[in-house]
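As structure tokens, one chain now follows by itself in the form predicted on its own.
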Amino acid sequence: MNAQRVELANLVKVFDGPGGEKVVAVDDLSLTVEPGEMVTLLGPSGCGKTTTLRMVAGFELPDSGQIFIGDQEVSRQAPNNRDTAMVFQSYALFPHMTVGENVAYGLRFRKLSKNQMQERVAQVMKLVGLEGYDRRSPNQLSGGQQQRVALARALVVEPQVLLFDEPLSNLDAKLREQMREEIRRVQQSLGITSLYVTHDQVEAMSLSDKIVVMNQGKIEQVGTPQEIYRRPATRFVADFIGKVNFFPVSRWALSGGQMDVQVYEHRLTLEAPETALPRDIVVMCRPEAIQLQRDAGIPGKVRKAVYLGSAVEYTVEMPDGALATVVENNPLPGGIIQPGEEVGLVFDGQNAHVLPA
């Protein structure tokens, strides 16, 4: 397949609200998806991610801005004139057709011989692990198998860009995990440029080359899963992706490429950020990056301990009454720390990050 770059330039989409007011769904959004990349639009409901995807597909037209697939501007083109294919949340299979007929549906509008159509359907059915299922009815398949049919139907037309609109949200947890791996395997084996929409952080982290975190129609941050998780650009991103602790900073100073901060009278040395900071900042640290000790670190008191099998999740009350979450994969010698016990929180500058308060 011929992978193409997707470029979105200053897209704006405004809808009429129920009271006649204007609702800005997408607000001056610009994004580049490189050829062969899997890029996920991630964010809460109403953040504009699905509207953005629908504009790329042609189901919605932007009020302003441009959409390019390769060197061609497609902003005003009808969906059938864009070389894209969509995998929907609802599968959208035709119940009166066999699985093979569903997969071949998009080829009916291409100038292909019957043998060519059969050959291409067989190839894509093998690719998604559905060999021998072509004569079955969709209602004879499981949810995961139906989603594979929907994926095969999108792939069989050999689109330049593959679009996913929350395709796994109707599946149970175990099936979602299996299908995540399957979608990623197929996407990488074909090298097809893909844009994926989800509100599930685990899904985004496991599937993506890059994640685009959206909020209120705007992009908060674009980065690899590691960058988004370890070095979030804003407090919204830090809070939206997994669990996080924010510790107040009473004093801070820059010195060369480093930063000295004071958290609860405890001094830390962090890597200096690349952008300018306001006076009021917080230190952000993930729960699994903190260790509990009995005689060192920032003082706190355990309020709750939850055994999770492979780890223990602690809720610790800090000196100012705020609550911190600590996940210990290797509990302290002596077993689980009990509620009421005094502890110290220890973490280093490699695992902490400063953000505006």
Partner chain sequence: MSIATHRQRSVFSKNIATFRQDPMLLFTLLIVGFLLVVFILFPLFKVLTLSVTGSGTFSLSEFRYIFEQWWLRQTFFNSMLLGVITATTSTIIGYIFAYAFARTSMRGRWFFRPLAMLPLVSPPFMFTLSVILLLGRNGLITRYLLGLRGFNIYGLKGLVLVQTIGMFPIAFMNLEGVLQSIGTDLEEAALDLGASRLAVFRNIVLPLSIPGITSSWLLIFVTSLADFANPLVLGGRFDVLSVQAYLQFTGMFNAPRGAALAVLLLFPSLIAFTLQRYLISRRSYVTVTGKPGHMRLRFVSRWLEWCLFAICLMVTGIILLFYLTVIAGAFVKKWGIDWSLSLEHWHYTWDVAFRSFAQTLQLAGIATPISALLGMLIAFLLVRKSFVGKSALGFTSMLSYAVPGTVVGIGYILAFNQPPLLLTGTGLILIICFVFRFMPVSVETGVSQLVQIDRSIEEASTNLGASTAYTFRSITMPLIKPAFIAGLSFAFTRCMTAISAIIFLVSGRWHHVTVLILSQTEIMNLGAASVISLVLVIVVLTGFGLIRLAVGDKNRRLSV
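Numbering follows the first chain given and starts at 1. The shown structure was predicted, so the numbers you read here are calculated from the model rather than taken from an experiment.
This next part talks about the form predicted together with its partner chain, which is not shown.
Enquirer: Test of understanding: in the predicted bound form, would residue 145 fall inside 4.5 Å of its partner chain by heavy atoms?
Expert: Although its partner chain is absent here, residue 145 would stay clear of it in the predicted bound form, with no heavy atoms inside 4.5 Å.
Enquirer: Residue 299 near its partner chain in the predicted bound form, any heavy atom under 4.5 Å?
Expert: Contact with its partner chain, no.
Enquirer: Might residue 85 be said to contact its partner chain in the predicted bound form, defining contact as any heavy atom within 4.5 Å?
Expert: Because a heavy atom of residue 85 falls inside 4.5 Å of its partner chain in the predicted bound form, the answer is yes.
Enquirer: Should residue 292 be counted as a contact of its partner chain in the predicted bound form, where contact means heavy atoms within 4.5 Å?
Expert: No - in the predicted bound form, heavy atoms of residue 292 and its partner chain never come within 4.5 Å of each other.
Enquirer: Can you pick the one in 27, 288, 317, 60 that has a heavy atom within 4.5 Å of its partner chain in the predicted bound form?
Expert: Exactly one residue meets the criterion: 60.
Enquirer: Check each of 255, 115, 139, 189 and return the one that places a heavy atom within 4.5 angstroms of its partner chain in the predicted bound form.
Expert: By the 4.5 Å heavy-atom cutoff, the listed residue in contact is 139.
Enquirer: Among 119-127, 242-250, 150-158, 175-183, mark the stretch whose residues have heavy atoms within 4.5 Å of its partner chain in the predicted bound form.
Expert: Contact criterion met by 150-158 only.
Enquirer: In sequence order, which positions of 95-118 have a non-hydrogen atom within 4.5 Å of its partner chain in the predicted bound form?
Expert: Contacting residues: 95, 96, 97, 105, 106, 108, 109, 110.
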